[in-house]
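This document starts with one chain, in the form predicted alone, laid out as structure tokens.
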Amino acid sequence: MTALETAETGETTGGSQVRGRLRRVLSSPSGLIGIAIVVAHVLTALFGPAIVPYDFALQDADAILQPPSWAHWLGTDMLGRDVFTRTVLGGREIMLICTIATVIAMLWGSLLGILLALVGGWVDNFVMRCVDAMMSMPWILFVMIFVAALGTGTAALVPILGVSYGLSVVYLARSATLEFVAKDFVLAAQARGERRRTIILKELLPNVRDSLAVQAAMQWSWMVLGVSSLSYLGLGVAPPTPDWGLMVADSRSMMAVAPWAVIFPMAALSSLIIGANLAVDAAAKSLGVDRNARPGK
């Protein structure tokens, strides 16, 4: 078999595996519902600007705190801004931030965790104790330190989340890799004089990628809630950019008068997190990964 035929066979096999796993996820009612919810949110984020009837920053003094009507389908907030428009667009910034930050967290956390498991010794102990020290700090305090140094907004949130959420990825990647570092195929690669980079990419990473894929999806859903929480506290997305957490923070004092300004962004945020978790549960079951397993130290 030629190299080209081998590559084509590998691509076909890989594509078949992906399609088979996707079919298993979709065959589960919870997985189908979860993926449908997430896809609906993604499509809304992509095409939201084309379907909203108003500018998200437009303030109308004559339409302050109006209930849902034909003019304003989900009512207006305390500044007369259209709640439907801001709710539809409220997930765009969150999903963009969380997607980029998840990629960053998974890249550095996975590679570092796998490398530590392979190297072992005092290097592994020293680095993991440093990770322990950082993870022992309350998450919100850890983030506030970075926010004070880097500021708020998308450009600052991406590296902050990428670093803070990547710490748990180090643990999981290291724990998953420890099961394979003493296997014969890894020992054989070391005996052949293979470089560590080659061992990581060709021998170890393919064996832990399922666990890492589930972890990536979990990290993304956690980040969505984390970004909204930061925005609620005034540490996340800067106004007037629409953001669900910021919308709830702005309108919470008017909950008794205009509950729609709080309920609809909360419902949008909750539905995205629930959908993501349903999809992750179904994916974990199809891959045989225990998402509730605590990584060892």
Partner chain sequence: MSKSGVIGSGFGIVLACALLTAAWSQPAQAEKVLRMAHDLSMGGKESLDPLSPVRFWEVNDLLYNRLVRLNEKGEIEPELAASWTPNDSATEWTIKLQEGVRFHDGSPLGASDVKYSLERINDPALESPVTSVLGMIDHVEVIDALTAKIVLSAKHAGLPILLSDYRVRIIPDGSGATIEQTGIGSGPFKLEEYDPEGRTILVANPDYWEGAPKLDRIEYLAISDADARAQALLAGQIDFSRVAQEQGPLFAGNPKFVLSEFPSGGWFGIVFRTDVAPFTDPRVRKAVRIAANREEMVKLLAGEGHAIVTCDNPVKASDPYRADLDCPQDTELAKSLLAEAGFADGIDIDLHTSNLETGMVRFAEVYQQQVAKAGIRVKLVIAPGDGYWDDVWMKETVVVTSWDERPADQILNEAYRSGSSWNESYFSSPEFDALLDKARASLDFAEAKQAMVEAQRMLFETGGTFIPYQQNVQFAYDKSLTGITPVIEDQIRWDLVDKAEE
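Residue numbers count along the first chain shown, from 1. In this text, all values refer to a predicted model and were calculated from it rather than measured experimentally.
Note that the form predicted in complex with its partner chain isn't included here; everything after this is about it.
This chain appears without its partner; in the predicted bound form, the one residue of 270, 253, 69, 27 with a heavy atom within 4.5 Å of its partner chain is 253. When you look in the predicted bound form, the only residue of 205, 79, 135, 186 with a non-hydrogen atom within 4.5 Å of its partner chain is 79. With the partner left out here, its partner chain still marks one of 42-50, 261-269, 56-64, 28-36 in the predicted bound form; by a 4.5 Å heavy atom cut-off that stretch is 56-64.
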